[in-house]
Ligand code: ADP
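Quick setup: one chain, the form predicted alone, written in structure tokens, and binding and motion questions come after.
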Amino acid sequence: MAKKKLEYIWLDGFKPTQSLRSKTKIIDNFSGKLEECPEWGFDGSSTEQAEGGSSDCILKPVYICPDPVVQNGYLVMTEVLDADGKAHESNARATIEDEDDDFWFGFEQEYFLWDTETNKPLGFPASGFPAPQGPYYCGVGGQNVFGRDFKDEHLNICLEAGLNLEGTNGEVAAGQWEFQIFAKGAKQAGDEIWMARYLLERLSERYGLAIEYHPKPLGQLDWNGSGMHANFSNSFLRNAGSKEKVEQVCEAFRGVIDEHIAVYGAYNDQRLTGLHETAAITDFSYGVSDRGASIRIPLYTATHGWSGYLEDRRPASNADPYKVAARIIKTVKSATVAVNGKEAAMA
């Protein structure tokens, strides 16, 4: 059997925002199964994950898919472990409490295509600004769309890799795009978002562009920022059948605003101002079909017997989906326990 190229991918220890790293391993007689991927090591002192005097860290494979670009290649998402085999402090995936995959997540990843020559979003002139926001969202035409070829190629290679992308669209600002990924299981959803981000970065190398995940790269000018809206459900929400139950889950988020904002991405205070389809970072609100709320109750949920899902609109585009999912799961589980306990006491 031919030699196979496995690209091991992990998250470094940089703060406040972790970056992707990768290196290539060549394996003989490999058939493409995750269990065939051996653990591997790397120099953690070069990635802010270890000291130079004891720098070995371990890469534990957790997800694999075909490499859509490299012949005979595979992409391998890994968790970082300490030298003693325990989850590294930078390993947020290991903190997700969803072993039965009861939680389903749909992440809406926004980003800017960034022109490295002008240091502005693609489509912005070297001096000044393009026409104001309005025509760019789901826009068509050369005066409104910048980077469609890039976006479409990214979509195609993600599909070739087997990632569950459910759609893409042009966003509100010029040069801004979005893709959506859905998965049954929080870890799976996080793995696929990170893999799609990795493919974005790889593609940008070839196009001579950069990917900008900052939630407000244009400052407080009248341009939208970028988010990673988190749509989520568990069996409780999918079968709630009650407006009261859905709102009790929403209310559970009110008392833990700080805990959620702490993992919803760096510089998110610049985006969550109460303007440009956001709620203020210090506030908490929810409402049916309300894109200015902290949590939107989708029209689908309200019109399907109050059973379905919710959307937390606060996570920033640079947030770690593992951390976002772990925190949402903790809050929803606490609400579920409270509601079930109340119902048991009344029975």
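All values reported here derive from a predicted model rather than from experimental measurement. Position 1 is the first residue in the sequence shown; the rest follow in order.
The form predicted in complex with the named molecule exists for this protein as well; it is not shown, and the discussion that follows is about that form.
When contacts are judged by a 4.5 Å heavy atom cut-off, Val80 does not count as touching the named molecule in the predicted complex. Contact between Tyr309 and the named molecule in the predicted complex is found at the 4.5 Å heavy atom cutoff. Among heavy atoms of Tyr267, none comes within 4.5 Å of the named molecule in the predicted complex.
Interface membership of Arg296, defined by any non-hydrogen atom within 4.5 Å of the named molecule in the predicted complex, is confirmed. This chain appears without its partner; in the predicted complex, the one residue of Gln188, Asn91, Asn224, Ser233 with a heavy atom within 4.5 Å of the named molecule is Ser233.
A heavy atom within 4.5 Å of the named molecule in the predicted complex is found for exactly one of Val249, Ile181, Leu272, Ala174: Ile181. For the named molecule in the predicted complex, the listed stretch (103-111, 142-150, 204-212, 252-260) containing residues with heavy atoms inside 4.5 Å is 103-111. In this stretch, 149-171, the one residue having a heavy atom within 4.5 Å of the named molecule in the predicted complex is Glu166; the partner itself is omitted from this view.
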